[in-house]
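The form predicted alone is given below as one chain in structure tokens.
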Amino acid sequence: MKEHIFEIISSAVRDMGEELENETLQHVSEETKLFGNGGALDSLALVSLIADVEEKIYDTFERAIVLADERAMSQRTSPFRDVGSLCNYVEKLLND
């Protein structure tokens, strides 16, 4: 399942990279920085990415998840800091 989640998130990140004309987001790995210190996205772009990932997760797994909620915001380490942490967070939500 994690590979599938990575592909979904990678696709959304690459789409965002094209939209923002950001070369860093065109070559996605688990270490690709998204938000926060050294991240490629500002808060508005992050919101757009989150909405896109939520939609793609629903289309693929037929499960609605909410990524930007109190649970995500209260974590010591943001699940939005890089692609790997976002993958882990999505997997955790799908398994709950």
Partner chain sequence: MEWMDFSAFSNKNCVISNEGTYTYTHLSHTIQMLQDSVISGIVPGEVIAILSDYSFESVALFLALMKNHNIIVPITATLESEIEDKLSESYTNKAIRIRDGKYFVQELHQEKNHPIIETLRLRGHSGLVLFSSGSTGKPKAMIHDLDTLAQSYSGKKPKSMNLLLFLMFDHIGGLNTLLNILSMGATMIIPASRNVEEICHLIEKYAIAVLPSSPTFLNLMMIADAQNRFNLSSLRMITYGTEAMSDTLLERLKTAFPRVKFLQTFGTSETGIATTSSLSSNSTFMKIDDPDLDYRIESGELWLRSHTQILGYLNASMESFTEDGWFKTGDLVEEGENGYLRIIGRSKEVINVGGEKVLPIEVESVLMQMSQIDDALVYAIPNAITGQSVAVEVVLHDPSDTEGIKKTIRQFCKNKLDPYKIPTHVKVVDHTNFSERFKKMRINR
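Numbering follows the first chain given and starts at 1. Because the structure is a prediction, the values reported are computed rather than measured.
Quick note: we don't show the form predicted in complex with its partner chain, though the next part is all about it.
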query: 4.5 angstroms heavy atom contact with its partner chain in the model of the complex for Gln26; finding: no
query: Partner contact for Ala68 in the model of the complex: its partner chain, 4.5 angstroms, heavy atom; finding: yes
query: In the model of the complex, Leu44 touching its partner chain (heavy atom, 4.5 Å); finding: yes
query: Any non-hydrogen atom of Ile57 within 4.5 angstroms of its partner chain in the model of the complex; finding: no
query: Non-hydrogen atom within 4.5 Å of its partner chain in the model of the complex for each of Glu18, Glu21 and Asp52; finding: yes
